[in-house]
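Just the one chain here, laid out as structure tokens, in the form predicted alone.
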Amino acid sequence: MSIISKIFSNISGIVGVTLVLIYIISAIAAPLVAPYNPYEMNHINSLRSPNSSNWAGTDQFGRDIFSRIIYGARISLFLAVTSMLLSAVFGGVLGAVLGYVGGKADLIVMRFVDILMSFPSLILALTLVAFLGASLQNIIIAIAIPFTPVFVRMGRSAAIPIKEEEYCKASKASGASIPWIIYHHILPNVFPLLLTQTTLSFSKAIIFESSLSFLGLGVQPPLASWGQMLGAGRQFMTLAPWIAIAPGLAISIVVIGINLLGDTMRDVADPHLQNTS
């Protein structure tokens, strides 16, 4: 049974895939899905409650909230995917190299990784973006760095037993170079674990981006961001609560979907869990 069929044989996997696909399709096809221009202001229609024309209501500037949520999905998807790919590729490859090579380089880098992991991830991201500035590139870096130590540790721990396998020793004995062995033997075996961890960390990346934007350190106006919309809606909670409720629901639904998919992929990829089921 393939991995895909195993995922779809699980109700959690089906729900997770469905929610994630809706999220991705909406983000990619935002200009086609959004009924209005998310940046067009219309003060005559400001603070309108949800209705047949504006499904999620309008904000204080008369902008359609549903359209802004769709475009906010595009921003969160881009930032989360980019930051997770950056941390997974850099951290996973570095960890695989350290696990195979070992020595002083492994000792020094892993102590630095331990130092990074001693800081609360969100506080570290806030500190980095406050120091670097609130641009999209800096937000990606600020989100990627706190997640990188996890991938370094995972790549390293997976590479250590793999290098003791007979096929790795045979390749080394035949004169294969270290980069060749890492590329052909270590990384292919580490990749499934990194993919699962990337999926599990993806929802945290979305929360990080939303938290940064909520505090005013993330995506800046006029770009639409769920966290930014949530922060702006705080002052209208009694007058127009839908301004904050709509993006809050969007964040919750997407995070739940990604977590369900990630948990299912972890269960499928873990042979110990398969043997006990």
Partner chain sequence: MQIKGLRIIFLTLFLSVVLTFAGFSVNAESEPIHGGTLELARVDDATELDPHTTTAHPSRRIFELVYSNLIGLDADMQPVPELAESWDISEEGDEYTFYLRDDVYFHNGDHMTSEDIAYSIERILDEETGAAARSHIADIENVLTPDDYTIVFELKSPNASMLLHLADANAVIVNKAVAEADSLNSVENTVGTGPFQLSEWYPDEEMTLIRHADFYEEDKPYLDEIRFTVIPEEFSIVAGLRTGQTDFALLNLPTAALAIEEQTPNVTLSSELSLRWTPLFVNTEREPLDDIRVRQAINYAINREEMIASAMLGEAEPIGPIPSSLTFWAYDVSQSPFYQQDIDRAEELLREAGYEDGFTISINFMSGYEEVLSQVQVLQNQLEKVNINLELNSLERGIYIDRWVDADFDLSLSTNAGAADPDFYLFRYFHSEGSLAFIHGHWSNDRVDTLLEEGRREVDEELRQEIYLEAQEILIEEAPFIWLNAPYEYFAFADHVKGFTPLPTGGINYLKDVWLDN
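Positions refer to the first chain, counted from 1. Just so we're clear, the structure is a prediction, and the values are computed from it rather than from any experiment.
There is another form of this protein, the form predicted together with its partner chain, and it is not shown here; the text below is about that form.
Q: Any idea which of 219 to 227, 24 to 32, 48 to 56, 248 to 256 reaches within 4.5 Å of its partner chain in the predicted complex, heavy atoms considered?
A: The contacting stretch here is 219 to 227.
Q: Taking 78, 197 and 202 as a possible spot, do all three reach its partner chain in the predicted complex with a heavy atom inside 4.5 Å?
A: So, no: the whole triplet misses its partner chain.
Q: Is there a heavy atom of residue 244 no more than 4.5 Å from a heavy atom of its partner chain in the predicted complex?
A: Contact with its partner chain, no.
Q: My question is simply whether residue 211 lines the interface with its partner chain in the predicted complex - judged by any non-hydrogen atom within 4.5 Å.
A: Residue-level check for residue 211: no, no contact with its partner chain.
Q: Answer yes if any heavy atom of residue 36 is within 4.5 Å of a heavy atom of its partner chain in the predicted complex; otherwise answer no.
A: Close contact is absent here: in the predicted complex, residue 36 is far from its partner chain, nothing within 4.5 Å, heavy atoms only.
Q: Any chance residue 69 has a heavy atom within 4.5 Å of its partner chain in the predicted complex?
A: Looking in the predicted complex, residue contacts with its partner chain do not include residue 69, since no heavy atom lies within 4.5 Å.
Q: Quick one: which residues from 222 to 246 get a non-hydrogen atom within 4.5 Å of its partner chain in the predicted complex?
A: Stretch hits, in order: 222, 231, 232, 234, 235, 236, 238, 239.
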